[in-house]
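Shown here is one chain on its own, the form predicted alone, set out as structure tokens.
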Amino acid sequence: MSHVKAALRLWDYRELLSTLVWKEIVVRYKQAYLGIAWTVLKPVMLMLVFTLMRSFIGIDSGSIPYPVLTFTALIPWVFFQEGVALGVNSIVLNAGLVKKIYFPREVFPLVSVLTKMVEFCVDFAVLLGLMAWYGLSLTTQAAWLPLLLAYLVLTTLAVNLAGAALNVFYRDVSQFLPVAISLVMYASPIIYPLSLVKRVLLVSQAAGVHSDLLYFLYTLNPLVGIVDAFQSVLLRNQPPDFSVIWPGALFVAMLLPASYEYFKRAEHSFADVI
């Protein structure tokens, strides 16, 4: 209960949050010649690489142009990837503040997530332009987007809190992080659509009696439900498929409080160890 009250007290530090978010944005782009253009460069380059790969592999994207399908998947993925990369290192990178003044240390992982909201909006604007290029437009199903974004934020924060605390005591965490995130990308329907996984495991039963179990384990990855839902509400004019979302959502619902609990227990030692 004390940790719940601590989380609610974050509202008292809203000015500090906004200041740190603005500082992160300014520092990130202050001396970058391309400025905010760097935000869209990564997903655009990945989209082009995946599109080139698709010409050799032959991935079926159905009636939706593959570049749009992939870019839609990359928007939440890049948010998660960069939000976690920044969040896990957030305590170590702000060691000076941690040692000098007290305020809730969860501010730092939270700032890392909120900073990515600005970049998400830029990437989303590029997606709208890409959709217009291919003759696609938003429908009323896009009203699901705020809820999906909130789910994405909570997923990222669940990893950030535990990861940031662990990284203070074990710096190997930040070294292992790029490898782990790469594995999560290939275990998410970004290069390939979820329909391909369903066809292989649920229809063809390619893994035999273990096919249904493997599919369930696959959907425990929250990014699976998030990416598929983004594609459904933005491109397919369909609501999110909750049969795909619920395993990952249940996992996040258990992980987030456990991650926050561990963070609050560990934060008392941050200033001594860091």
Partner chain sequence: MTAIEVVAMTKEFQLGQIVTLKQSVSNVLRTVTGRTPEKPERFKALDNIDFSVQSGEVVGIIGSNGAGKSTLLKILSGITAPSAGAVRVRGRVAPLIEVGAGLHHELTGRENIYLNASILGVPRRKIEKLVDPILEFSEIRPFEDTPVKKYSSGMKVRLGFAIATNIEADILIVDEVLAVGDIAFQRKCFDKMEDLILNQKKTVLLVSHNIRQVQRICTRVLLFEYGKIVADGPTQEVCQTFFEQSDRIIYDRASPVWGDFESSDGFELLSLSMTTPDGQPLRRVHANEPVEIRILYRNGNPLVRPKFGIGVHTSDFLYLTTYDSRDEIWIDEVGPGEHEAVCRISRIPFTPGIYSLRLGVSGGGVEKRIFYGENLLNFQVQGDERHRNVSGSEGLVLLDATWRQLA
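These numbers were taken from a predicted model, which means no experiment stands behind them. Positions refer to the first chain, counted from 1.
The next section is about a form of this same protein that is not shown, the form predicted in complex with the partner chain.
- Figure note: of the listed segments 93-101, 155-163, 76-84, 188-196, the one touching the partner chain in the predicted complex, with heavy atoms no more than 4.5 Å away, is 93-101.
- Among residues of the shown chain, E15 is one whose heavy atoms approach the partner chain to within 4.5 Å in the predicted complex.
- Although the partner is absent from this view, A207 stays clear of the partner chain in the predicted complex, with no non-hydrogen atom inside 4.5 angstroms.
- In the predicted complex, at least one heavy atom of Y170 sits within 4.5 Å of a heavy atom of the partner chain.
- The partner chain in the predicted complex is not approached by V252, whose heavy atoms all lie more than 4.5 angstroms from it.
- Not one of A150, I226 and R236 places a heavy atom within 4.5 Å of the partner chain in the predicted complex.
- When you look in the predicted complex, the only residue of M45, V26, I57, L213 with a non-hydrogen atom within 4.5 Å of the partner chain is V26.
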